[in-house]
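The form predicted alone is given below as one chain in structure tokens.
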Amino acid sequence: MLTNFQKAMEITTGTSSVRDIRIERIGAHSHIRGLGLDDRLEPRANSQGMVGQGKARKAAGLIVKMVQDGRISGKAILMAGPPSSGKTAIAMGMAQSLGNDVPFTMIAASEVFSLSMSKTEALTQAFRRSIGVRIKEETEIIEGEIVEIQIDRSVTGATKMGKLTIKTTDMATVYDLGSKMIDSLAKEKVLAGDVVTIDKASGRITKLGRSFSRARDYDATGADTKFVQTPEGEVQKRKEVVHTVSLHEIDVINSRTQGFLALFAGDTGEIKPELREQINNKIGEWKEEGKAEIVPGVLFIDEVHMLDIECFSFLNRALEDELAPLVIMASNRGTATIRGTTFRSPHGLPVDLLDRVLIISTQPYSIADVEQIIQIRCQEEDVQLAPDALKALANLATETTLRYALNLISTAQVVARKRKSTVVETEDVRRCYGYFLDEKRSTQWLKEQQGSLVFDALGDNDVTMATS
């Protein structure tokens, strides 16, 4: 069971005390591990943090299969449904199912308007962050078990020289070490008996683990100690290394004098179309030569109805591009006005864009599904909930919203702790319900307070329309 805050461990040394504090962040969708589908893409009732929405999850599973097969060019998906029906959760499940190797970019539509660049540039960068390039290159590496490390220092200690003896099951070799390699070995805390990989070009050292032949050197070892077999064959060999980067990262590295540091600073700025065209041509050459492979990913745009007509026109064109990821959009609007126009359209999207998309609909959860979701969130937040309190929260979720009920879990736990209890009871939920208003009671309160609030210019009908 996960905990919000693991206890700080205090380690006492000879002269000082070191505190190792680890914090695990619990997010709104941190319990999602995948889409919860079996091998035939059939949805399980409760799996990988997903509950209910079987039809939508199966449709999402088909899309994931298309992404893995690379058949997604120019495709767009719209996830439409009421609030708290699991649209973002399904998107997160898709991201988990695709794995780390497939780029998955998630943005909110309102982000496009808050950046210090044009709307089309912000969308272009989001598109190119969602397309990966798998670059293959051969490099020479030294791989084996460390037999001995000898370091000779000068009298002043300014210069260091040494020898490294490394072996495989077939041979052993002695290498001369310079000061930089000595520092790298010390930084990685490499000892005799470690199995390591050394990149000859960059000098990068990777510890693979301890050799099985040294397993009896110590009576006690740490839980994180990994034992591996001593490599076979030659010590020095050529190995194919694969790097996966996004097109946006390549754009930034080639457009800024500080190179990849701009990615960490966040100051990417606007990138010239000419530079992007040169990069696309170069990657096309690498692809033909077998040096690179395009990895189309997924761009998820939440609350897509917040985009305006100019952004929608850009999306129409961008989906026709040769280098286009799968675009998944989510909206909880019904028939709404298209931002930037006076026209009304389903989901707040133009009809010509709706004609391009496959629509996945989500439905409100049943009370049985709500109970299971609440139980999963209690496990995630390490909250013990009494059976009666669980039923009370499930009933609240059906009367108000699921998000409101889930937000009461942690606050009810605080109330329970104040009365020296580790179990959240119905009375704790009732107290929090009295402390915090939901949307319906807040609307009723506004009607009762009408005329007494500052800048209250809405009438009864207006309040109803604004909250519907």
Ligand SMILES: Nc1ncnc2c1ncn2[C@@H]1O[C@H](COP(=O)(O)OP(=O)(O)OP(=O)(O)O)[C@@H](O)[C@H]1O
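Don't overthink the numbering: it's just position in the shown sequence, from 1. These numbers were taken from a predicted model, which means no experiment stands behind them.
What comes next is about the form predicted together with the ligand, which does not appear here.
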Legend entry - Contact assignment for the ligand in the predicted bound form, among Leu37, Leu402, Val64, Cys432, heavy atom within 4.5 Å: Leu402
Legend entry - Proximity to the ligand in the predicted bound form, single hit among Pro273, Pro82, Gly233, Gly203 (heavy atom within 4.5 Å): Pro82
Inset, instruction - Kindly confirm or deny that Phe104, His243 and Glu322 each have some heavy atom within 4.5 angstroms of the ligand in the predicted bound form. - result: no
Inset, instruction - Within 4.5 Å of the ligand in the predicted bound form, counting heavy atoms only, one of 340 to 348, 83 to 91, 166 to 174, 246 to 254 shows up; tell me which. - result: 83 to 91
Inset, instruction - Evaluate Val357 for contact with the ligand in the predicted bound form, applying a 4.5 angstroms cut-off between non-hydrogen atoms, and reply yes or no. - result: no
Legend entry - Contact of Lys58 with the ligand in the predicted bound form (heavy atom, 4.5 Å): no
Legend entry - Touches the ligand in the predicted bound form: Met50 (any heavy atom, 4.5 Å): yes
Inset, instruction - Classify Asp199 as contacting or not contacting the ligand in the predicted bound form by the rule of any non-hydrogen atom within 4.5 angstroms, answering yes or no. - result: no
Inset, instruction - At a 4.5 angstroms cut-off on non-hydrogen atoms, which residues of 301 to 340 are near the ligand in the predicted bound form? List them in order. - result: Glu303, Asn332
